[in-house]
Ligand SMILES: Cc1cc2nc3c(=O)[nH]c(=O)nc-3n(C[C@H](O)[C@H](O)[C@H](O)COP(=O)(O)O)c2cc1C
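Here you get one chain, nothing else, as structure tokens; it is the form predicted on its own.
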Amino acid sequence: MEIKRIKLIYFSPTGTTRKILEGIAQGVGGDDVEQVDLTLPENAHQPVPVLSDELAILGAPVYGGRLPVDAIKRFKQVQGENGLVVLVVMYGNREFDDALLELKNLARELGFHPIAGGAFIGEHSFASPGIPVANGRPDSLDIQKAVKFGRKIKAKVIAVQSPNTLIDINVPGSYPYEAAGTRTIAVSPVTRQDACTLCGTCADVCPTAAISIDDGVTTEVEHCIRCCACIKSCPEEARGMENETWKQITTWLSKNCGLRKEPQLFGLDG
């Protein structure tokens, strides 16, 4: 098959998933790459058609071993149109559990034919300079592997006669999916008022519009998905997570998930 265009479709609050998708697209090659960023709420309801001569690369982070609920809702605006898709999940060096299988099943529901899948590692949402969990990832080695992955995808696409001739790719995971543990923790980051300048950056990057700025910063806990984009984006480092249970989870992750893991790739030979 000939692919004339690449369409990157992603939910990426802290930008790590986007970086990997860009690396894969670089490996596939071609100058016609469109980015469809479904992270922010203003893009939550836009229809996203994918034409038959386009290769979609669909990516999302892993939260508690599952896809974010808001990512699923926004991906349901995508129209696969019997096209090819590459599946990418980004996890914080613990495990990706059922997330890649969940993304594969969702992609098929949307009308895609999955051609390959990958689980890459990114800096954990809870990580900080003081309590590291895969800090700085994806790094240059991860990007190199994403580019190489893209080259292999290109070779496979060229060899495909028709999407209907593709053999289903196998990815890890179980169904019914396991419950996502962190979804049940009703906490959110807080703002240190002495450091906050009310610049509004935290509200601008929030994927659920849970943050509002007035005389201070207000966070609606029930809408927070704990992506921590507001913490990582604050120019004054005024946002943080003060909940003790959350701190204990982060400390456990730092102690037990420090050994470097490498991307796992599926659907390609060699």
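Bear in mind that the values here come from a model prediction, so they are computed numbers and not experimental data. Note that residue numbering begins at 1 and tracks the sequence as displayed.
Keep in mind that the form predicted together with the ligand is not shown, yet the notes after this line are about it.
(request) Go through E81, E109, D139, E95 and name the one with a heavy atom inside 4.5 Å of the ligand in the predicted bound form. (result) It is E95.
(request) Please check if G64 has a heavy atom lying within 4.5 Å of any heavy atom of the ligand in the predicted bound form. (result) G64: yes, in contact with the ligand in the predicted bound form.
(request) Would you check, heavy atoms only and a 4.5 Å threshold, whether V85 touches the ligand in the predicted bound form? (result) Residue-level check for V85: no, no contact with the ligand.
(message) Is it the case that E102, even though its partner is missing from this view, gets within 4.5 Å of the ligand in the predicted bound form, heavy atoms only?
(response) Outside the cut-off, so no.
(request) Check whether V36 has any heavy atom within 4.5 Å of a heavy atom of the ligand in the predicted bound form, and answer yes or no. (result) No, V36 sits far enough from the ligand in the predicted bound form that none of its heavy atoms falls within 4.5 Å.
(request) Would you mind picking out the stretch of 87-95, 150-158, 110-118, 71-79 that comes within 4.5 angstroms of the ligand in the predicted bound form, counting non-hydrogen atoms? (result) It is 87-95 that comes within 4.5 Å of the partner.
(request) Scan 112-135 and note down the residues that get a heavy atom within 4.5 Å of the ligand in the predicted bound form; none is a fine answer too. (result) Contacts from 112-135: G122, E123, H124, S125, F126.
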